[in-house]
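What follows is one chain in structure tokens, specifically the form predicted on its own.
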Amino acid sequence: MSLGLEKRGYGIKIMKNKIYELLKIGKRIDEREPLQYRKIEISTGVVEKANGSALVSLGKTKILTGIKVEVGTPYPDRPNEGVFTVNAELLPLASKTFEPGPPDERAIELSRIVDRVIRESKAIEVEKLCIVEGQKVYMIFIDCYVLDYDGNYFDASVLSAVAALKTMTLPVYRVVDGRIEAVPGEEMKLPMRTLPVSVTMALIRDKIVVDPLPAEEDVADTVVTIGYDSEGVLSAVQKSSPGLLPVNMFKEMVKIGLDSSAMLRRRLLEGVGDG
């Protein structure tokens, strides 16, 4: 091991001890309580050219989601269902740890988590996005951009994506002489069954914190993101680091996440208004 790596390992150990000692008395390095989220701000309709958009600030972490809609061909095994995809980009200006170039493992993981939380909760009524069965369906492209990173881009990205979906509009199409054409001046809301949110927690020895800061993510034994639908049903789980997760601690995370998900959904509803 190089001297640089030894120093980094020693520094992480010192920071972990500091964070853990604070957690033992119910405190964190930014003076929050262990299960307290940072301030959440949600704005929608922030990108004029997009079909839907939302900007979410979670503390100093900022995520912008833009949504574009096209008409395309359905998958052969799902001829009567619309299609949606999620892409995530970690912009280099957001953090010195983000580098330009093709999406790295972190960006891929982020897009997969956002996709899984939305898809596994069956939030979008994809069967209502069929225009001509087997031929033409709506295709929804969800692009999440990390504009500023200060920990926990998972929950902020899910909030941003769902807020954009909830407030987006779709052009209305009709079939004329075997062709589809847009109905001038007509739009519709995206059909949605539920408003999923995710709760990200870090396990530091035997202590759990929600909405972790970068320093807490660095020293955590493991980080877990859990998705919940509007009924509080667990819809997705992602373990983002290789550390061990005891069963009893996971059960505790599920309970903590359920309580936090209710708060996040209230903030989501406040942010989207009647959208």
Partner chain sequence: MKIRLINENGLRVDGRRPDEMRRMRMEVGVLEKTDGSAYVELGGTRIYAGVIGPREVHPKHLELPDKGVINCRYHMASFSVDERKPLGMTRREIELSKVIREALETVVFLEEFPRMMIDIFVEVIQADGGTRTAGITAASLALADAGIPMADMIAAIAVGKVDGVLVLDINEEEDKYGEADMPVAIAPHLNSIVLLQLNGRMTPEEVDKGLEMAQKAVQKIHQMQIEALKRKYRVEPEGLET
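From a predicted model like this one, the values you see are computed outputs, not experimental measurements. Residue numbers count along the first chain shown, from 1.
Here the subject shifts to the form predicted together with the partner chain, a form of this protein not shown in this document.
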query: Would Glu48 sit within 4.5 Å of the partner chain in the model of the complex, counting heavy atoms only?
result: yes
query: So in the model of the complex, does Pro92 come within 4.5 Å of the partner chain, heavy atom to heavy atom?
result: yes
message: When the contact criterion is heavy atoms within 4.5 Å, does Val224 count as touching the partner chain in the model of the complex?
response: no
message: I'd like to know whether Asn87 contacts the partner chain in the model of the complex, with contact meaning heavy atoms within 4.5 angstroms.
response: yes
query: Quick one: of Gly178, Gly185, Pro76, Gly101, which gets a non-hydrogen atom within 4.5 angstroms of the partner chain in the model of the complex?
result: Gly101
statement: If we test each of Glu81, Glu109, Asp150, Asp115 for a heavy atom within 4.5 Å of the partner chain in the model of the complex, the one that passes is Asp150
- prompt: Taking the partner as it appears in the model of the complex, which of 225 to 233, 48 to 56, 238 to 246, 203 to 211 has residues with heavy atoms within 4.5 Å of the partner chain?
  reply: 48 to 56
